[in-house]
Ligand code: DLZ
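Single chain ahead, written as structure tokens, the form predicted alone.
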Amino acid sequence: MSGQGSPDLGEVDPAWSGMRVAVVSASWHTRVVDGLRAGAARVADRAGVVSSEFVAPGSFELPVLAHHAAASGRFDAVVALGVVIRGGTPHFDYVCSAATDGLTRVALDHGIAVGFGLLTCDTEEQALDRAGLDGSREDKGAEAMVSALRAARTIRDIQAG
């Protein structure tokens, strides 16, 4: 785990205030995902962002929830949060690939910023270390929210000319 190059979570762009963000999160590995949600919520609160939360059965279903949030036209960005931990079968590879490809497709098909907060870890310890919990070295939920807000702002700037 590098942590190198992660966004400065202390910076808040005044243009983020009032943005609307859909936070879609998986229901598996609740301790980790609760930490990711809390990190995203801290950034949203600090930035004056209006966020709505939607819970998917698992990480595989994140893209379909993100798709419907984007298609609704109600949101400036979507933040997807979840964790997949490697096991002894190819399930890990299939779920990670499908969720990643699906979230990329949502961003491109709808032209919306999608913050990628899906942890793909070999162990639960790695996931906990990225979850933004007390003792964690990283806060990937906060980083996903910051990334989505920065991209949404840039999209607005591009569209405004």
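When you see a residue number, it is the position in the sequence shown, counting from 1. Everything numeric here is computed off the predicted structure, so don't read it as measured data.
Here the subject shifts to the form predicted in complex with the ligand, a form of this protein not shown in this document.
At 4.5 Å by heavy atoms, is each residue in His29, Pro57 and Val84 next to the ligand in the model of the complex? Per the other structure, all of His29, Pro57 and Val84 touch the ligand.
Choose one stretch from 106-114, 38-46, 89-97, 127-135: the one whose residues place a heavy atom within 4.5 angstroms of the ligand in the model of the complex. Answer to the contact question: 89-97.
Classify Glu61 as contacting or not contacting the ligand in the model of the complex by the rule of any non-hydrogen atom within 4.5 angstroms, answering yes or no. Yes, contact at 4.5 Å.
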